[in-house]
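In the form predicted alone, a lone chain appears below as structure tokens.
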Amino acid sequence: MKLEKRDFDAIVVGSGPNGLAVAILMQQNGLSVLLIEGKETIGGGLRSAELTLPGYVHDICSAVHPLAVASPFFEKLPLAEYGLEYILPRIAVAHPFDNGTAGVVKASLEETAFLLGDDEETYLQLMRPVVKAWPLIASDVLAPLHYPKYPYEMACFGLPAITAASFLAKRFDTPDAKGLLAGMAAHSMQPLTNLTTSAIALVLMASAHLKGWPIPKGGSNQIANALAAYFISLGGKIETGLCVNSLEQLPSAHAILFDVTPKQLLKIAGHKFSSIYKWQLERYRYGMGVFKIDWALDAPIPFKAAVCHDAGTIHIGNTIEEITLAEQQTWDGREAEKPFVLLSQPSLFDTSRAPAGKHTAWAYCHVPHGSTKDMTVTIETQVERFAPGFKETILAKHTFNSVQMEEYNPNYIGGDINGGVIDIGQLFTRPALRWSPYKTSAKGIYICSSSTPPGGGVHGMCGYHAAKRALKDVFKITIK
């Protein structure tokens, strides 16, 4: 079918990892694509800057990227040729406890299990089938609901994944194994008693054993820069500094794909949608926010547990009971006194992040949606608890509360970095209950953000599947 002439075949609004994925896949298929970004720099959650002192490079949003190297789409792209280099810490995750020890997740499944002592065999029984199945099922897990290509292997993952993390943890006997699982599940940003909270834990642990949890050399912006450079090499065009608030601002195109959440989509194109689709988008639920700190440090964080110095990510939360309580309190609208804190020290592995002998650190905790409370003292007290003397190493700091996070990146509604709650009610129906979650009720308009399946994370798969849908609908191009 021959389409009439437009300024572009497709326009993508928003240059986060999903917007970049859309733009690349459509350009790869011979279309003319314009990618528009509201800020002067591209990247969405993939940005880095000197937030504290000159020479100290901090990741503004995401810092460690287990799903970037595990992405079925990104792994096919020649990003290394465009300057992207990943650094893999020897230990993916360390989880310190009050007694000075720490649980760890290493690349070796067997070594990780061995260090769990009495829970060695239980960990192997849980994770070995998932790790074995993941290369076969990754494309199905990171996709909208459909019949899987490998149903048995998907069942090996899906049966434990659909359970609540608090229930799955009952398989273990030791506080170390229970705490380690709880820290992984807390990435879901919801109470650990909710169904499907085990899924994110299993995916993250399997990724650690198969691909590791990498840190981009030079900063997270290097992922966006490589994606953008590859897109431009294909003939794509990028325009920055244009904040889209209306369809009238856009050139003509056969398809427009929005890397935004339902709230912004309604503002931009709501007048084009059916009443039922608008009603569904208006009911879309956003979840917890985050409070984030970046530190310039005079020395590495002095954790009591030595293994923390070799870990790219630290989960600060102690026992499963403490993490469960903190996440429930936050979900209920209260700031936790002892919040679960995610922390990374990129400069331990990447000397380009700080001046010689100095260091950077990145951390956030979950807070109620839209919270403006300053959690600096609370977070620093949690870190000090497991690393006495930490506060004395601080040279400077920069903070974002949840409202400031949204001001920086409009997709982080109320500080929700996942693009909306990913509970059982929105796992398969984000952002609306439709045959295709990416296709809106308006012809030629699609949504491709983390508010669509499979949800948040730097993997580009929301954009990949949205682009596949638009290619098939509008341009009659089928991607297998």
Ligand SMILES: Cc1cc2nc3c(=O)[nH]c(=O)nc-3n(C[C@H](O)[C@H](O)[C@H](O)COP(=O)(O)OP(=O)(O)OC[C@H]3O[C@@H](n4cnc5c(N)ncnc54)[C@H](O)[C@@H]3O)c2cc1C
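One-based numbering along the sequence shown. Quick caveat, the model's predicted, so the values are computed rather than measured.
Form predicted together with the named molecule: not shown, discussed below.
Participant: Is Cys61 part of the interface with the named molecule in the predicted complex - any heavy atom within 4.5 Å?
Facilitator: Yes, Cys61 is a contact residue.
Participant: I'd like to know if Gly38 sits close to the named molecule in the predicted complex, meaning any non-hydrogen atom pair within 4.5 angstroms.
Facilitator: Answer yes; at least one heavy atom of Gly38 falls within 4.5 Å of the named molecule in the predicted complex.
Participant: At the 4.5 Å heavy atom threshold, is Trp362 in contact with the named molecule in the predicted complex?
Facilitator: Residue-level check for Trp362: yes, a contact with the named molecule.
Participant: Using a 4.5 angstroms cut-off on non-hydrogen atoms, would Asp259 count as touching the named molecule in the predicted complex?
Facilitator: Result yes; Asp259 sits at the interface with the named molecule in the predicted complex.
Participant: In the predicted complex, does every one of Val13, Cys243 and Ser449 come within 4.5 Å of the named molecule, counting any heavy atom?
Facilitator: Every listed residue reaches the named molecule in the predicted complex, so yes.
Participant: Within 4.5 Å, heavy atoms only, which of Asn401, Ser347, Asn409, Ser166 is in contact with the named molecule in the predicted complex?
Facilitator: Only one listed residue qualifies here, and that residue is Asn409.
Participant: Taking the named molecule in the predicted complex as the reference, which of Gln264, Asn318, Ser371, Thr324 has a non-hydrogen atom within 4.5 Å?
Facilitator: By the 4.5 Å heavy-atom cutoff, the listed residue in contact is Gln264.
Participant: Looking at 41 to 49, 26 to 34, 423 to 431, 437 to 445, which stretch has residues with any non-hydrogen atom within 4.5 Å of the named molecule in the predicted complex?
Facilitator: One stretch meets the cut-off, namely 41 to 49.
Participant: Suppose contact means any heavy atom within 4.5 Å; which members of 431 to 464 contact the named molecule in the predicted complex?
Facilitator: Ser449, Ser450, Gly456, Gly457, Val458 sit within 4.5 Å of the partner.
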